[in-house]
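Read the single chain below, which is given as structure tokens and is the form predicted on its own.
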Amino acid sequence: MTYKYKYFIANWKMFGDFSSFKIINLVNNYINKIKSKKSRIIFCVPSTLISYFSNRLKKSNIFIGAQNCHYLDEYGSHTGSINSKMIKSAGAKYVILGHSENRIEGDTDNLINNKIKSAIKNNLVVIFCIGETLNQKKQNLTNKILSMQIDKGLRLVKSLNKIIVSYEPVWSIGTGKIPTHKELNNAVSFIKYKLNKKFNNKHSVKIIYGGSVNVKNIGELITIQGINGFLIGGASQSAKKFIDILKNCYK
């Protein structure tokens, strides 16, 4: 059994209610069974579930995260919005920022940067999503896009201690398609190079992969060097599918 892959992050998206805790409970039982102390299991759930789930998981090895937050630190007149301070007080330890689904809905690189700085200020670990569209990929712009997203998204961020970078090619999310071994290896290598250069090799670089991760392709994905884990979408909404992914990484 290997513990090479530290992060297994579930992104539930717009899914779940209080009864959905049974999914996490089954995963928790499996984690306790295999006694995996080096892996970090994180469920990023809707804001309505953060407090309830985090309270029930206080004595477990599973952590709760949020899926987005407002860019302002303080309270204000922003109907329907939740900031990093509120997320933290509800019990979240992590927050996903820059996900392509949020970028499509209007999250610019500058807005994401402000959200990241706010989240770090409130002691949240940021899961920072970057990735190119299919059109950008076809134009061989992958590295250019990744470089720009890193530069703008991490502007004035002084440390990578609270940053996990998730490479998520937009064309892979929800499509069942994943990059080839060469494409993924090249992208991860470039991200690591870019971050080391930007931060002068002073901080460890944590890179995970997200985009149609499932039990059928996890065997291929774990062969990529430099990946520290996975951001798992639809498959994380099923305890069996999520556990099967873990099993394939720990066999």
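On a predicted model such as this, the values are computed, not experimentally measured, just so you know. Position 1 is the first residue in the sequence shown; the rest follow in order.
Keep in mind the form predicted together with ligand PEP is missing from the figure; the text below concerns it.
The partner is absent here; in the model of the complex, the one residue of 69, 45, 187, 213 having a heavy atom within 4.5 Å of ligand PEP is 213. The stretch from 141-149, 73-81, 109-117, 168-176 that comes within 4.5 Å of ligand PEP in the model of the complex, counting heavy atoms only, is 168-176.
The shortest heavy atom separation between residue 229 and ligand PEP in the model of the complex exceeds 4.5 Å.
Heavy atoms of residue 234 reach within 4.5 Å of ligand PEP in the model of the complex, making it an interface residue. Along 84-120, residues 99, 101 each place a heavy atom within 4.5 Å of ligand PEP in the model of the complex.
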